[in-house]
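To begin, one chain is listed below as structure tokens, in the form predicted on its own.
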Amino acid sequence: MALSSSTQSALSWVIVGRGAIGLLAAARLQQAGYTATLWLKQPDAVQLKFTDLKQQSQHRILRPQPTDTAIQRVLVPVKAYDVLNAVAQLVPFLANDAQLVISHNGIIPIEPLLALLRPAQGLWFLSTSQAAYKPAAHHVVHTGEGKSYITKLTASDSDDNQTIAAMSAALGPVNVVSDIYPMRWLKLAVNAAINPLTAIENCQNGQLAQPQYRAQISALTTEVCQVAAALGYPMDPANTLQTVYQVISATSDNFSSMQQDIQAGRQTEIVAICGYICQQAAQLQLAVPANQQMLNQILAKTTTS
């Protein structure tokens, strides 16, 4: 298919999928004056209800991205196991100097993504602790204001300030960092401590503040810190545990994405979270029994569901 020579304006972004973070980003981009379109498996206009942090709701229309126009700027906030496939499907529609921002839980290899892109195309990673959930298919609620960190993974020649400004509008405040892995390991510790436990217990995040979970959460967090430190990213276990409990408190009414995936019978991101920790630990000859237990239990649930 021949793409139009016309490209998006500087204030136009494509959002892949209709997950909570993607819809939150799209709604906030529109609020800031950007044009946000959706890249969906089945192209469709979405009549979105957006409820902000002040519990004020508004309705926004998100239109499908035309497939005959080269995509210049795209946010890919999909599950870890879907990232490579999503980018591969986008590649034929990307402008030669397109900028892609990926954002997901867990850690996956980046080399296969880089191999898909042309020299002038830019790849970014954004890690966010913004909290949102979908009480209905086309209703997204912004439940907690977090921080976002972004880094550029390629050396393509582009106006980086445009991408940073857009992501600040979508999921800001955004901090630009040269090495995002310390933040990714911290988020990995939070995800490992909260997501599988809430999925197994079928509970909201806030239930994990109860005393009976403390030993398990401490063990999961300590193991992540040990693996991270062995890989050159030292993390203080006490401070990391404190961060985990801060997130539990700030998102107490939320159901984690993994809990929602288990309840809906969907694939989870456990392989990119506890699975990644176990994989790295095995290479380092470290024991991570708490994370291995979470991995085994979630895989058993998804296999038998």
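Just count from 1 along the sequence shown to find any residue number. Bear in mind that the values here come from a model prediction, so they are computed numbers and not experimental data.
Omitted here: the form predicted together with ketopantoate (KPL). The next part is about that form.
Engineer: Is every one of A189, Q226 and N291 in contact with ketopantoate (KPL) in the model of the complex, taking contact as a heavy atom within 4.5 Å?
Structural biologist: Negative, none of the three is within 4.5 Å.
Engineer: At 4.5 Å between heavy atoms, only one of the stretches 251-259, 61-69, 28-36, 234-242 reaches ketopantoate (KPL) in the model of the complex; which one is it?
Structural biologist: Heavy atoms within 4.5 Å of ketopantoate (KPL) in the model of the complex occur in 251-259.
Engineer: Examine V140 and determine whether its closest non-hydrogen atom to ketopantoate (KPL) in the model of the complex is within 4.5 angstroms.
Structural biologist: Because no heavy atom of V140 falls inside 4.5 Å of ketopantoate (KPL) in the model of the complex, the answer is no.
Engineer: Hey, in the model of the complex, does N105 get a heavy atom within 4.5 angstroms of ketopantoate (KPL)?
Structural biologist: Residue-level check for N105: yes, a contact with ketopantoate (KPL).
Engineer: Classify A272 as contacting or not contacting ketopantoate (KPL) in the model of the complex by the rule of any non-hydrogen atom within 4.5 angstroms, answering yes or no.
Structural biologist: Flag for A272 set to no.
Engineer: Quick check on L48: any heavy atom within 4.5 Å of ketopantoate (KPL) in the model of the complex?
Structural biologist: Looking in the model of the complex, residue contacts with ketopantoate (KPL) do not include L48, since no heavy atom lies within 4.5 Å.
Engineer: Between I194, A170, L100, L220, only one gets a heavy atom within 4.5 angstroms of ketopantoate (KPL) in the model of the complex; which residue is that?
Structural biologist: None of the other options qualify; the answer is I194.
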